[in-house]
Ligand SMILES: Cc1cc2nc3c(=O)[nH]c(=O)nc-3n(C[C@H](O)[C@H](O)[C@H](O)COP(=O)(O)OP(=O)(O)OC[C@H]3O[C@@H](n4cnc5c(N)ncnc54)[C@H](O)[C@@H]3O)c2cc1C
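Only one chain comes next, encoded as structure tokens, the form predicted alone.
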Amino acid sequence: MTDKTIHVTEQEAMDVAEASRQKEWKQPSFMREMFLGNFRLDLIHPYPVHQGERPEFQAFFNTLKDFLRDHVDSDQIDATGEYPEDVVDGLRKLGAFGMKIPKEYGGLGFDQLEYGKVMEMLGAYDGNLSALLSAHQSIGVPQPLKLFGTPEQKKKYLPRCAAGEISAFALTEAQVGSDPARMTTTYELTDDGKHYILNGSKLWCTNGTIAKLLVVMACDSQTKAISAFVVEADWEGVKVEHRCHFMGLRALANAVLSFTDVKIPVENLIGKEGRGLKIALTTLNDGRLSIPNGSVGAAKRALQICREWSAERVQWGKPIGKHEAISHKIADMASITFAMESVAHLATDMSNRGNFDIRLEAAAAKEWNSCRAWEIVDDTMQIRGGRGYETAPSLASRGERPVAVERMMRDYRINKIFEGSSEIMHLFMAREAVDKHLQVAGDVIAHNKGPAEKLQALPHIAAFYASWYPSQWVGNFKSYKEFGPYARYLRFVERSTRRLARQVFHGMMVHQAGLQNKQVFLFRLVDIANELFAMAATVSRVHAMKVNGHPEASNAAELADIFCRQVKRKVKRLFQDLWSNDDSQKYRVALGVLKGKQLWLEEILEGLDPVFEATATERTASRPSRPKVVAIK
């Protein structure tokens, strides 16, 4: 199997990505308003409180918990690198592959909140099973068909998915990650108009080696428009070329797939031709919420491990948890876990209600929670020390409790990459952050606009900013007194929201068209927004707990306070770093490294590993000449 490489310019790649954006904002978005300088507390407050759970969901949840405890050996799954057939069959019988599929198609009909709670439990128990189930119904066939499928497609495929025919999502290619302009998998309509002919290959298809059904993204061989199709894995021309293996999630059924003259019935087109990327992005808005919910489960498991170990492990005459260095880590873990749960539940509830545009909130929840949980897992490894680094089977074999921190670290790391890497989440959010300014002032900074067009746009630009910009310096004078001691944190969020909007505008004015290349500047803006979102969600939640008489309200108040204190310091530092930094120097040094300027640092590696070794000629040719050393007499 060979892969074609498509060469496109930076502008061509950006044009394709821009064409795939969902440009309308038909429903409210808390974070979009934040980027515009509007602190819309009413969009997240009062914090959603749900009284009890549906009996049918609670019954399923408890049964699944018993099944995991009694039938799933995570260490064995990790050691063999396979999903045991009895485990997969057990999940089928429970209906776990149809959690989000409506009852009319044979599913369980759970809503997003109920599904999120299952993902939280799986995140705390077994990453392999979490990936299996979430890839199937969050981004596999069920979700895009629910959103965009025809009645006939739903009737044909959703019952099969609910019964446990596993599905997969095929977008990535060997040369195509988040750059769809270079997609090489193509389709073309047959002369009789009854089929599309699919050719190409896809990389890293989770569930790909065991899937019966696939969602495949491909581009028109002539127009390059990207479309989405349901493809059955047993059709002629569909082939599993390779099973990929990874650092963690050892059982992940991840495949390289090839398609050779695969005949797709025209009725298997999802949505309309040319809408494939928009379908994928819309599907991921809800689909990527699996990760922040799973991250909460992982954080809770890590906190449990550290709490128990820090209480029983004694060093220098007292439990290690009473040493300040460890106690601070534990306090951070607990407070951040509470904030992560606040973010995940809020974003999931927004999705569940359906009257919000959650593209930014889902991305923020995925990015922020996955990064915070990774830090918590890393600290768990540090607190457990050698017992964290040692495998669970090794611990068990010498008589110690088999706490699988080592496996947790390997399994969890992918969450900063899955369903949009942290960098892509930042870029996606940054594009939306500047969207309004591009609408207003885009003609002035556009590379393809002439002087006359730019001059013509000035009156409209001046009219908008004459009112908008001064408003970003004037507060709303709300006291938020009903929040008691947390009012000061909401005032901080409100002030910081206006400051964030000003900095977005200043960045546009200073860097103009070059802003797209100032990724670190943009990333800091996004980080500020994410931290403010987390702070606001946390304050809203702890207030709701107090108002509703939650038995743990006072304990939650401690966690919320320490979390908000730290976020204030972090946000202030990020604002300072926007304009006082080493970005240009780092970029210049990096270009020098890429050109071979610092190859002398790698000299000890010469001849050590042929996989990475450049020839002596290449190294000598790329290495800058060194000045001669002259003795001074």
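Residue numbers run from 1 along the displayed sequence. Computed from a predicted model, the values in this text were never measured in an experiment.
FYI, the form predicted in complex with the named molecule isn't displayed, but the following is about it.
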Q.
Quick check on Ile226: any heavy atom within 4.5 Å of the named molecule in the model of the complex?
A. no
Q: Would you check, heavy atoms only and a 4.5 Å threshold, whether Tyr105 touches the named molecule in the model of the complex?
A: no
(Q) Residue-level contact is defined here as any heavy atom of the residue lying within 4.5 Å of the named molecule in the model of the complex; does Asn254 satisfy this criterion? (A) yes
Q.
Can you tell me if Glu423 lies within 4.5 angstroms of the named molecule in the model of the complex, counting non-hydrogen atoms only?
A. yes
Q: Have a look at 310 to 318, 424 to 432, 75 to 83, 269 to 277 and name the one stretch with heavy atoms inside 4.5 Å of the named molecule in the model of the complex.
A: 424 to 432
**Q.** Contact assignment for the named molecule in the model of the complex, among Val238, Ile461, Ile414, Ala553, heavy atom within 4.5 Å
**A.** Ile414
Q: Find the only residue in Phe521, Phe246, Tyr480, Trp468 having a heavy atom within 4.5 Å of the named molecule in the model of the complex.
A: Phe246
**Q.** Interface residues of 128 to 166 toward the named molecule, as seen in the model of the complex [heavy atoms, 4.5 Å]
**A.** Ile139
